[in-house]
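Given next, in structure tokens, is a single chain: the form predicted on its own.
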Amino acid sequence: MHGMPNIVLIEDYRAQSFLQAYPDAFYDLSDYFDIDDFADYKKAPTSFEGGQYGVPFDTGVTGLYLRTDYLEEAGYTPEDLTNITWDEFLEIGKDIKEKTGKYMISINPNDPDDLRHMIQTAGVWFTEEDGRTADISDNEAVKEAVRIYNALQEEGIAHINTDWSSRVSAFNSGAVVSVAVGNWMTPNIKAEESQAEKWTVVPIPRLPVEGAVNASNLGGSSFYVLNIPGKEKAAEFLASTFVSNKELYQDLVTEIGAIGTYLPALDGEAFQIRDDFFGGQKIIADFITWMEEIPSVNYGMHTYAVMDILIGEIQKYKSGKSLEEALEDAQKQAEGRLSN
């Protein structure tokens, strides 16, 4: 084990694939902190069989960033896009495109991360609650998310990007009205200083299914200690920093814009500041409010494998395959992949 780090940072979508495949490789941190001090939705990805292995770090809480000047030009206010469904977003987007010529949103068909945050608004995932059994073909949230994702493209209101730089360029250049994404995008939006005071953030749209909420997550990560010599010291280090030091979280949000999930720290002054770029909105406080409403789901071991399967079937759906058939075929492929 020579040369291994004591502490690793793992994205929440990937954590269970490591914890379940290599349970002995991680050190149980249950005795070092209280998981109830962290955002509720972080518990499922960071624990395994009664053990608490991850110290939750940053949140990927999502929001809908909006160009207020484009909305105004089309006769809308941010309130008109607050707490709406994705179908309402689609209809408003068609109207705005007609009136302003601007695309409503930018998406990458080869990396549809929008599907992940759409589905989580309904409090479900592409798997059953065990995180291991595929749940695609009978899953109303998955079906609605795929239908809407396709409709955004079919209706001509989506700008298509192909990679990170073209995604950022879509909003920095003023080509799109909105960005639906995790809060970690804020620094990239603020990088285009000429757009100061032209942006606001409202809650993410929800899927039009029963029980869905206007709060979701995209990304985020947590700290883990490897079960190797020095593990106690590493655990003590985390206990003295990320699970107790409120000032540290103020510094992180101020210096790099990272919003933590350690609840006792989140009423600090740094989280209450008004952001002039966003017209004086307390955007960090708003993100924290939405973070506490994120539905908890089990991301399981195969989030990215299932995403790959879905990408392939969505392409076939776009080419004329029925939605039901595409999802049934995705289900079969996922069952084959998940059983291994």
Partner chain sequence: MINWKSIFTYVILSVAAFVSLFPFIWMLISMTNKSVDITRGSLMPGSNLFENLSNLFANYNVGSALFNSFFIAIIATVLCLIVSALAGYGFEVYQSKGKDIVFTILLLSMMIPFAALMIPLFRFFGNISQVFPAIGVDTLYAVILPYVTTAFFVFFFRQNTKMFTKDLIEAGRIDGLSELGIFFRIYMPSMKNTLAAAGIISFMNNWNNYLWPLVIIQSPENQTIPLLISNLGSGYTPDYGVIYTAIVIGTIPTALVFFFLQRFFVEGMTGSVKG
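Numbering follows the first chain given and starts at 1. Not measured: the values here are computed from a predicted model.
Absent from the display: the form predicted in complex with the partner chain. The rest refers to it.
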Close approach of residue 74 to the partner chain in the predicted bound form, 4.5 Å, heavy atom: no
Heavy atom of residue 187 within 4.5 Å of the partner chain in the predicted bound form: yes
Consider residue 205 of the chain shown here, and say whether it contacts the partner chain in the predicted bound form, taking contact as heavy atoms within 4.5 Å. no
Please tell me whether any heavy atom belonging to residue 240 falls inside 4.5 Å of a heavy atom of the partner chain, as the geometry stands in the predicted bound form. no
Heavy atom within 4.5 Å of the partner chain in the predicted bound form: which of 151, 252, 213, 168 fits that? Just give me the one. 168
Single option in 192, 140, 95, 155 placed near the partner chain in the predicted bound form, where near means a heavy atom within 4.5 Å: 192
If contact means any heavy atom within 4.5 Å, which of 171-179, 140-148, 241-249, 78-86 contacts the partner chain in the predicted bound form? 171-179
